[in-house]
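Listed next as structure tokens is one chain, alone, in the form predicted on its own.
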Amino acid sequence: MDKIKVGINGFGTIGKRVADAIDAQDDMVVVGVTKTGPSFGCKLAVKKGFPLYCTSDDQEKINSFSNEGYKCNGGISDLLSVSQVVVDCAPGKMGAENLEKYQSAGVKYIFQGGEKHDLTGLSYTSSANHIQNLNARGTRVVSCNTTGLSRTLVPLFDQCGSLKVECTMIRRAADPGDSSKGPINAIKPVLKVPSHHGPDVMTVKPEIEINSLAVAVPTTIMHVHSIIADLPEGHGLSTDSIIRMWEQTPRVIVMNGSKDRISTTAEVMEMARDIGRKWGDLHEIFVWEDGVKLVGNRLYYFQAIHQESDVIPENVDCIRSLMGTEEDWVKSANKTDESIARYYSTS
């Protein structure tokens, strides 16, 4: 079977990780990545063997790469001409402009959660709506926080048939490499109520009733979610059965904060480094076992989200959905995760 030809528009925090994840798969190939101009990121692309393109078709900008010693294979139009699907990892708010380019080129497209659902009219996360995205022209992989909420709430919904959820997102202020954002010494509430995170879950699983609040705190490590979920009468679940369910759910890690001595996000990230994850990434959602408690019909729990990496395997599964090569999201997830694990262990 021919490999799916994937172009990546934007080779930054998300793009470089998506490129690695795609490179790990035996059913797809990275045909090129884009940069706005010559920079250190170009060295990484060259080292990985990814063909380099410019985000613009402007010839002067294209020529600027060779002036710095990089081979540039052309502009964005040239990349799209050799791609079947493009993963848009460009900065937010460029979606409408880029969408026109993708549609004109006749390629399938995947945007990230920084863009609005209205841009594509369709959103994606593996566990919630893989089949609904099958053979679609384009979609949007939802944000890191929406992905995290979906990972634990969708299997819970599937077990009991309905959910009413209130959650508070304790958001890290910026990516570790971003020195331009704050707060530095403050807790900053998001005064738009509800925050976009809960309603965004309903773009992939509208049956879940959910609202959310958010606060930004002075850390760059992870997000933490504090979640309260009301289950229906007669749900038949227990704290232990919910924990066991999550232990068997793809891309969810359940550990005991006290027994395993992983009670903070710093220790979660140290664990990711200890198990050899590239960039110290944690694709999985981390749930503290001793923070899970079902009281009657009300479930309380905490989970942690690694902002830079939890959406990475979702992009790979999404490619298979758009291209119609795998209808079963669990099979796709297992293939994606096993391939990434092998790739990281040898690269």
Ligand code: NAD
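On a predicted model such as this, the values are computed, not experimentally measured, just so you know. Start at 1 with the first residue shown and count on from there.
What follows is about the form predicted together with ligand NAD, which we do not show.
- Proximity to ligand NAD in the predicted complex, defined as a heavy atom within 4.5 Å, singles out one entry of Met222, Ala90, Val201, Val86, which is Ala90.
- This chain is displayed alone, yet in the predicted complex one of Lys108, His235, His130, Arg172 has a heavy atom within 4.5 Å of ligand NAD; that residue is Arg172.
- When contacts are defined as a non-hydrogen atom within 4.5 Å, all of Asn9, Gly12 and Val311 contact ligand NAD in the predicted complex.
- Stretch-level contact check against ligand NAD in the predicted complex with heavy atoms at 4.5 Å: of 91-99, 187-195, 205-213, 252-260, the positive one is 91-99.
- Heavy atoms of Thr120 never reach within 4.5 Å of ligand NAD in the predicted complex, leaving it off the interface.
- Contact check for Thr265: no non-hydrogen atom falls within 4.5 Å of ligand NAD in the predicted complex.
- Looking at Gln112, you'd find a heavy atom of it within 4.5 angstroms of ligand NAD in the predicted complex.
- Residue contact check for Thr55: one or more of its heavy atoms lie within 4.5 Å of ligand NAD in the predicted complex.
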